[in-house]
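Shown next as structure tokens: one chain only, the form predicted on its own.
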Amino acid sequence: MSKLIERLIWLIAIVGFVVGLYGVYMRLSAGHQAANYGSYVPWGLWVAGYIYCIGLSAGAFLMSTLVYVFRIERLKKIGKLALFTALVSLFAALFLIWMDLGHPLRAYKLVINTNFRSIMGWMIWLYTAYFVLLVVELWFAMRADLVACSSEPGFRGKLCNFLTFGRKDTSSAAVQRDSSILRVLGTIGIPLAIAFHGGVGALFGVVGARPYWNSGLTPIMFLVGALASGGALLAFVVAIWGPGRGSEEHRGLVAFLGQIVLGLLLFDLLLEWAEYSISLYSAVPAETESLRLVIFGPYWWVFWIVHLLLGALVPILLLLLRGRSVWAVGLAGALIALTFLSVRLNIVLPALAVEELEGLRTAFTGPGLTFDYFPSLMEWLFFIWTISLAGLGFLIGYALLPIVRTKEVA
């Protein structure tokens, strides 16, 4: 079954990549003219996709710390898989937000002209540090396996040999040294991951002009959502590509991940209930108007059907009733990870779709002067292309690199 699903995912990724190329062409040739956001709603699908993918990356990375920092033996064999998933998700996130910029080639100015009094200014440095840490940590996690792989014939063996960078010592002392370095890097990565993804939440939370975002709970909800969605993605990945597929050990590993994801999902829903219920009960018009758009607005089905039904209720039932089944946990993880985009959309868009001044909606008219936003064809195609590119990167990397150890290194 997993082989069939793997082939299907290859097919979906290739089709998405090919179809999405038209969106890339439109973005590069027409800029932002083919997008449906404007002056009143300046952020759209790509910003929501960015915080969605960043959450997946942060969640998958924090799950890897259970292996390399907290030394949970049961998860030992999926550490590299978690790090690689985090790296691929980070690429998708940064590419989306890079292309959302009006002038992507000026992105370097974020580094050379950083305003450290701005949260957004700090973000570029935190992302850079996180990217470097991910690459270095993944290399140390794979180093011994790269040495073992380097003796294989063909391109894979040559690639593994190159990536060892001449470090071919696989003695117990060398492997133990790698393990110690991984623990240090993972420990550094915990506050770093909390800082950069909590910082994304703070980026929204400090905007006093948008009461829907302006809350001290916003960074916490971003972090918990990252753990839930990133953990769910990892559960799906392990169910399909994890070590020892078909064995009892693999079944137990997937079931254990399913229990972790279930707890994180329930905690995330608890925070969401607290945020929504308190805000609606307090009945502050500036905030409740955005919430009412989420719950009862023209896209109510995104909240009730995509998020709560497909992304919460169905996965909870699968994890409670069929928690020992690999396919059930994998399906639950896929549903949570995929539908969490709706959560991010319901964070970004409703706050922007509300008039900051009464009558502003009808005071001015013209291109871009509207509060009604739905992603254009170009936005959807480019988003699909980016996710497909990341998916292909994962599949190719999994095929060429020793992400999952098939045998112990002597």
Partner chain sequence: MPELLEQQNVFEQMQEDIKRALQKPVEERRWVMVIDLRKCVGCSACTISCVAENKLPPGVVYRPVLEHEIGTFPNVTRRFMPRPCMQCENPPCVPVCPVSATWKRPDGIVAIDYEQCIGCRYCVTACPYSARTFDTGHTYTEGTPEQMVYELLTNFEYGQGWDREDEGSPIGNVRKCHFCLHRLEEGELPACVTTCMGVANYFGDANDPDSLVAKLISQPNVIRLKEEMGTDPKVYYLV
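As the structure is a prediction and not an experimental result, all values here were calculated from the model. Residue numbers count along the first chain shown, from 1.
Form predicted together with the partner chain: not shown, discussed below.
Contact of residue 380 with the partner chain in the predicted complex (heavy atom, 4.5 Å): Contact with the partner chain, no.
Does any heavy atom of residue 372 come within 4.5 Å of a heavy atom of the partner chain in the predicted complex? No, residue 372 is distant from the partner.
Would residue 62 show up as a contact with the partner chain in the predicted complex if we use heavy atoms at 4.5 Å? No - in the predicted complex, heavy atoms of residue 62 and the partner chain never come within 4.5 Å of each other.
Contact flag, residue 151 vs the partner chain in the predicted complex, heavy atom cut 4.5 Å: No, residue 151 stays farther than 4.5 Å from the partner chain in the predicted complex.
Stretch in contact, per heavy atom within 4.5 angstroms of the partner chain in the predicted complex, of 218-226, 107-115, 253-261, 84-92: Result of the contact check: 107-115.
To verify the annotation, which of these, 136, 206, 195, 181, has a non-hydrogen atom within 4.5 Å of the partner chain in the predicted complex? It is 206 that has a heavy atom within 4.5 Å of the partner.
Please tell me whether the candidate spot formed by 3, 317 and 325 is one where all three residues come within 4.5 Å of the partner chain in the predicted complex (heavy atoms). Spot residues vs the partner chain: no contact at all.
Taking only heavy atoms into account, state which residues of 361-375 are within 4.5 Å of the partner chain in the predicted complex, ordered by sequence. Going through 361-375 in order - heavy atoms within 4.5 Å of the partner chain in the predicted complex - the hits are 363, 364, 366, 367, 369.
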